[in-house]
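Given as structure tokens, the chain that follows is alone and in the form predicted on its own.
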Amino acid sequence: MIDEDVLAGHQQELRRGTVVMAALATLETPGYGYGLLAVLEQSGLSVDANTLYPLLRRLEKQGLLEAEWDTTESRPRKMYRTSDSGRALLKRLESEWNALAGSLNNLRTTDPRKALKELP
């Protein structure tokens, strides 16, 4: 039996980098935070607003997102878009993601009854 708190902690760790990748990929088309929340929710990647907004500010501060205020409507909204640095980071993260997924798949497709091999 898995302790639910232990599971939740590991799931949170796994999701952190995933949300960064999702935000950078989604914001290649400019959008605002609330819209990003909806897009992520629709894609099955539910993120709490209290997690997403600080993430967007951090990514902006790191130069991975560019932001400007859209004042065309009665309620101004901060529009974000992935910067060139953000696209470069996303490309590297996707490469790492694919390498890790490949490695995990290799581990999962070997006979699970065999002991792990020792490194030479």
Partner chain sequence: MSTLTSRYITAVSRAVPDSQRSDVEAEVAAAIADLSEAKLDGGATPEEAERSALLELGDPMRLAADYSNRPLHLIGPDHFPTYVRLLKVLAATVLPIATLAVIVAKLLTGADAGQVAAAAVTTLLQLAMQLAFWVTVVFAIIERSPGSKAMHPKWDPSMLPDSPTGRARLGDTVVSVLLALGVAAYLPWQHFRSPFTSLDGSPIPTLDPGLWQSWIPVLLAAMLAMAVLEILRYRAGGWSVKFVSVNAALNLLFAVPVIWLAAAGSLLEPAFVQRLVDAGWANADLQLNATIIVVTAGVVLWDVVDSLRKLPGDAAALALGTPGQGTAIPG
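Every value quoted in this text rests on a predicted model; they were computed, and no experiment measured them. Numbering follows the first chain given and starts at 1.
There is another form of this protein, the form predicted in complex with the partner chain, and it is not shown here; the text below is about that form.
- In the predicted bound form, the partner chain lies within 4.5 Å of some heavy atom of R57.
- Within this chain, R87 is remote from the site of the partner chain in the predicted bound form, having no heavy atom within 4.5 Å.
- Interface membership of N50, defined by any non-hydrogen atom within 4.5 Å of the partner chain in the predicted bound form, is confirmed.
- Looking at K78, you'd find a heavy atom of it within 4.5 angstroms of the partner chain in the predicted bound form.
- Contacts with the partner chain in the predicted bound form, taken as any heavy atom within 4.5 Å, map to no residue of 1 to 22.
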